[in-house]
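Here you get one chain, nothing else, as structure tokens; it is the form predicted on its own.
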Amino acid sequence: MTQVIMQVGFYGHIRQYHNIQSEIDANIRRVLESGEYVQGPMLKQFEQELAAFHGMAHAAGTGNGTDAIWLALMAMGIGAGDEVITHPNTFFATAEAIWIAGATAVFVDCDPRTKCIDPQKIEAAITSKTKAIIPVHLYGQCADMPAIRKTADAHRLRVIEDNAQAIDAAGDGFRIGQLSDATSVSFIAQKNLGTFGDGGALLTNDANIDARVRKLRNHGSNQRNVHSFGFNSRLDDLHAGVLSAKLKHIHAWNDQRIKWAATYTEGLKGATHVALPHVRPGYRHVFHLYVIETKNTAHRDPLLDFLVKNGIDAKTHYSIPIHKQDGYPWGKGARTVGAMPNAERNAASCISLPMYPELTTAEVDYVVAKVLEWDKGAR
């Protein structure tokens, strides 16, 4: 009997567009007919909506999430000679933003369960040059912000949350943005809230940071023909229109991600060779990614190959930690504090299963069945 191979894609943004096409098209048409495509009324509307959604005072659209981080650093006066603490098992852009700002990235290990930065490792990395901490809300779950904020306050450090992966997530008794000086978000297509291309924003309750970022993103200008040092990093109104339409649905979409994650976890709980995601009690994990780990790192690639051969577009996030990348600037540009066993194990054992609201029950069940099929035969 011929085995039927189901094709399960990793991204659902085309299905998502079809589901709310009329809303998105209406906003795009509105922008096109307005004749204002850069820093126009649609961007202003979306910035207000985004700030309100987060319960924050200000939101400034940027060209992408990477820009949001380094513009925040520059707005805070952090640059050459300064150090910024983060962790290495995340996308390269987090450290890249620190380097673009001219500062030194200092890496500490991650928590072995959540994979977010380990707050207990931060203290040992602080020097007289340390100016900020950038925790990454990895895979859709908040880092331990109360502990991070406590350490930051003790040493008078800034905190910038890298929230590229966890919009609408929350901690136990706190919201994203509540315990930091600024929060970056990314709107690239595959994010929980994604546009049709690149995009980002910087959220803050500090009016001075917001004003500086707005000026920096626009060639150093907040008045026509008057410029100072700056860049070109603006979220255009077409993207803002797409995001404005989608923002109304993000909470429900994330609820569906949480339901699919629960289905995965229930179906895979009996697997022998695979570890499942840890959700901190009281936290809202919005599962930008559903990441499993093979208990034996030698099993990761065979499992990944097995899934792909069976039509499942599984991926790795992130299979090379930043401090192991060829482009890692050892020396003045970056350094590590202590060993990174948790980050390195995460990189060597991680597999992201398809995760998006538009998945079907049949697709999720198929993925579960194939993981269990591999698990049963693994040696």
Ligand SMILES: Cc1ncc(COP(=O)(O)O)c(C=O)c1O
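Each residue number is its position in the shown sequence, starting from 1. On a predicted model such as this, the values are computed, not experimentally measured, just so you know.
Only in words, not in the display: the form predicted together with the ligand, which the text now covers.
From the list 143-151, 114-122, 171-179, 91-99, the contact stretch for the ligand in the predicted complex under a 4.5 Å heavy atom rule is 91-99. Note on contacts: among Leu307, Val274, Ala103, Val136, the single residue with a heavy atom within 4.5 Å of the ligand in the predicted complex is Val136. Of the residues given (Ile188, Ile250, Ala211, Leu268), Ile188 alone sits with a heavy atom within 4.5 Å of the ligand in the predicted complex. For the chain shown alone, Gly199 is a contact residue for the ligand in the predicted complex, at least one non-hydrogen atom being within 4.5 angstroms. By the criterion of a heavy atom within 4.5 Å, Tyr318 is counted among the residues contacting the ligand in the predicted complex. The ligand is not shown here, and in the predicted complex it never comes within 4.5 Å of any heavy atom of Thr130. Heavy atoms of Gly65 reach within 4.5 Å of the ligand in the predicted complex, making it an interface residue.
Contact annotation for 149-169: residues with any non-hydrogen atom within 4.5 angstroms of the ligand in the predicted complex are Asp162, Ala164, Gln165, listed in sequence order.
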